[in-house]
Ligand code: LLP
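The chain that follows stands alone, in the form predicted alone, written as structure tokens.
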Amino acid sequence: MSGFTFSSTGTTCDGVDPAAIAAAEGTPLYVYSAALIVARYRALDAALGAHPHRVHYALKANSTLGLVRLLRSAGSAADANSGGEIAVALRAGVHPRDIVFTGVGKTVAELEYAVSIGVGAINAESGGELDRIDRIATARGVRVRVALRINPGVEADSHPGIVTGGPGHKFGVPIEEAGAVCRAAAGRKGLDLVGVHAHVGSQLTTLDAVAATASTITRFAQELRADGVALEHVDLGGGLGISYDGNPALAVTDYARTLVDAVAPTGLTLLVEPGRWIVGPAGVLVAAVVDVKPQRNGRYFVVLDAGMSELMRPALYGAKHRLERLTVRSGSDVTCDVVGPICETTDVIRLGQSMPLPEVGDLLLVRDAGAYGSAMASNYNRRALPPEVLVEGGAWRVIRRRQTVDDLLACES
């Protein structure tokens, strides 16, 4: 695929030097490969084969308007987790019927918004949420397309903070209760129960949880149909992981085959909601060294102008992203703790990085930051959000400019 090339002679993004972009736009900044995003979307779509399916890109991974527009133009539908993400999808040109609305805590205002524009389906989290949707629909004199999110009781092998389908997790209706909830929903005047939905976690790197969930949910769908519930689709969420450390990852073909093999006997359309797998490897964070400090133990602190306000994952999950040096220096390797500028000890990028000692002004690149980088970025310490740059056709353009102080204070009096 296209994308980033890392070698001892330099780093490029589809032929463009990220250091040249940094020289023009400053640091920190995010850089994305349009070609790689489209290629990965198409690879997943192709892997799902001839079985009826729809790929709904999960905006929670990265909802920058330019990237959502790019994926929409490639043919993707959208998975939104808030009213704000619905609005971004619409502005990107996604048709309302190509949006599924997911989320564990949808407000009445968000549900009214989704109903008013006619989204493709609302993935309801509970019987209570179905009641609220029914009341909204009945008041408007319409029928709303819904699917029930089911908690299948599957413990995915991932970080505890991003598994969502086991006992005690807040997501969905326990499968032992879901049958009664679905049958009640099928009889409501304002609801069309068109599907069942499950998502058991993010960054899945083995097939065990994928297969168990697909089998459980499709079996449940068959039981509902046998009871006369006219389902249209099975939505098996997302979660396909990527390799952050360079080791082999779960092949997209194996992932897709597992889902299709489970759903094919039902004849129902398969919906998937990928996010990280599509955009994660297609984006990087470029940062500059602002200080180098020796430690008592012989290591060094290398302080960047980017940290947890630009990439939350290391602080939040202990995630480890690979680093590349855009400024190449010779010399023996030393052990560096690469940290950010935020007033928190947890503000780290990578601890124990072995490399020649950088100097102030050097540029470092953080790999695989396309997912949950800009989407989780914050203004903590009153830091302005970085610009985002899309490389496409051998050139680059800013798809989100750097925030200003006026932007930060625009809502304050």
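One rule holds for the numbers: they count along the sequence shown, beginning at 1. Keep in mind that what you see is a predicted model, and the values were worked out from it rather than measured.
The protein also exists as the form predicted together with the ligand; that form is not presented, and the subsequent description refers to it.
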inquiry  = Check S309 for me: does it contact the ligand in the model of the complex (non-hydrogen atoms, 4.5 angstroms)?
reply    = no
key: the ligand contact in the model of the complex: Y30, any heavy atom under 4.5 Å   = no
message = Please tell me whether any heavy atom belonging to L240 falls inside 4.5 Å of a heavy atom of the ligand, as the geometry stands in the model of the complex.
response = yes
ask   = Are any of the heavy atoms in R313 no more than 4.5 Å from a heavy atom of the ligand in the model of the complex?
value = yes
task = Check, residue by residue, if R72, V284 and E388 all come within 4.5 Å of the ligand in the model of the complex, counting heavy atoms only.
result = no
task = May I ask you to choose, among G172, P274, G195, G120, the residue with a heavy atom within 4.5 Å of the ligand in the model of the complex?
result = P274
query = If you check S202, T218, S76, N151 against the ligand in the model of the complex, which one has a heavy atom within 4.5 Å?
reply = S202
ask   = Just one stretch in 88-96, 336-344, 202-210, 174-182 has heavy atoms within 4.5 Å of the ligand in the model of the complex, so which one is it?
value = 202-210
query = Of 355-385, which residues get within 4.5 Å of the ligand in the model of the complex if you count heavy atoms?
reply = Y372, M376
